[in-house]
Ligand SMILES: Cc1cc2nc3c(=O)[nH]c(=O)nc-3n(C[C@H](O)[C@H](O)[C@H](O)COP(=O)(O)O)c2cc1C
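Shown below, as C-alpha cells, is a lone chain in the form predicted on its own; questions about how it binds or moves come after it.
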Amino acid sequence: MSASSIVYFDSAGAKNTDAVLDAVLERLAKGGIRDIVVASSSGATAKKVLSSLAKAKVNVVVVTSHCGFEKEGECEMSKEMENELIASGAKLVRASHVLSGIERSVNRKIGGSSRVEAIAEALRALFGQGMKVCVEITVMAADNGAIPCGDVEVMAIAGTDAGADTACVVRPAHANNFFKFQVREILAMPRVR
C-alpha cells in the first residue's frame, strides 16, 4: 500500500474534527478497513462520524466512558443518544477505561503510580491525548468483541477533550495481549499538545 499523508494540526481540539473526518474518508477509499472505533462521551462526535460515513460499508463502534466517570451513578451519554446511535447502525461499548480502571482509584486513595497509568502517560506525552484514547478505545472495543482482533487493521478516531483531532490505523489487541497492539498508520494528529 502506498504511504498516506499525515494531517497535522497546530493545536488539539474539536475544531479539527472535520479535517480528521476528511482524512478518514480518504484512507477508507484506499480499502482494507472494515471497522472504525470512535471515542464519544456525549455522542456528538459519534453522530458526526456516522453522518460522514453514511455511505461507507463499515462497522462503526462507539466507545463511551463508563458510568460514574464524571459523576457517581451517572452516565455521560444519555440513553436517548445511545438509542439514536444504535438505530443509526453503530455498536456501543461502555466499559472501564483500560489504561486507568481501578488503578486510578488505588492511586487516588494510597498514592504511588501504576504501570498501566505509566503507559497512558507515555502515550499522552509522546503522541497526545487523542492517540492515547485511540489506543485505549480500540483495546476496549476488542475486549468487548465489537471488532475483530488479531492480524486485521481497524481505524480509530479520538480527540482531546471534545471532538476529534487524531485518527490512526492500528492492529488491535486485547488487554491481556496489549503489547501485540500496533499503530500502523497515523492519519491525523496535533503537532502541539
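None of the values given here were measured: they were computed from a predicted structure. We number the residues from 1 along the sequence you see.
Omitted here: the form predicted in complex with this ligand. The next part is about that form.
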{"property": "Proximity to this ligand in the predicted complex, single hit among 63, 135, 49, 142 (heavy atom within 4.5 Å)", "result": "63"}
{"property": "Sole residue of 58, 162, 28, 152 within 4.5 Å of this ligand in the predicted complex, by heavy atom", "result": "162"}
{"property": "Distance check, residue 124 to this ligand in the predicted complex, heavy atom within 4.5 Å", "result": "yes"}
{"property": "4.5 Å heavy atom contact, residue 158 to this ligand in the predicted complex", "result": "yes"}
{"property": "Residue 39: touches this ligand in the predicted complex, heavy atom cutoff 4.5 angstroms", "result": "yes"}
{"property": "Partner-proximal stretch of 28-36, 126-134, 144-152, 49-57 relative to this ligand in the predicted complex, 4.5 angstroms, heavy atom", "result": "126-134"}
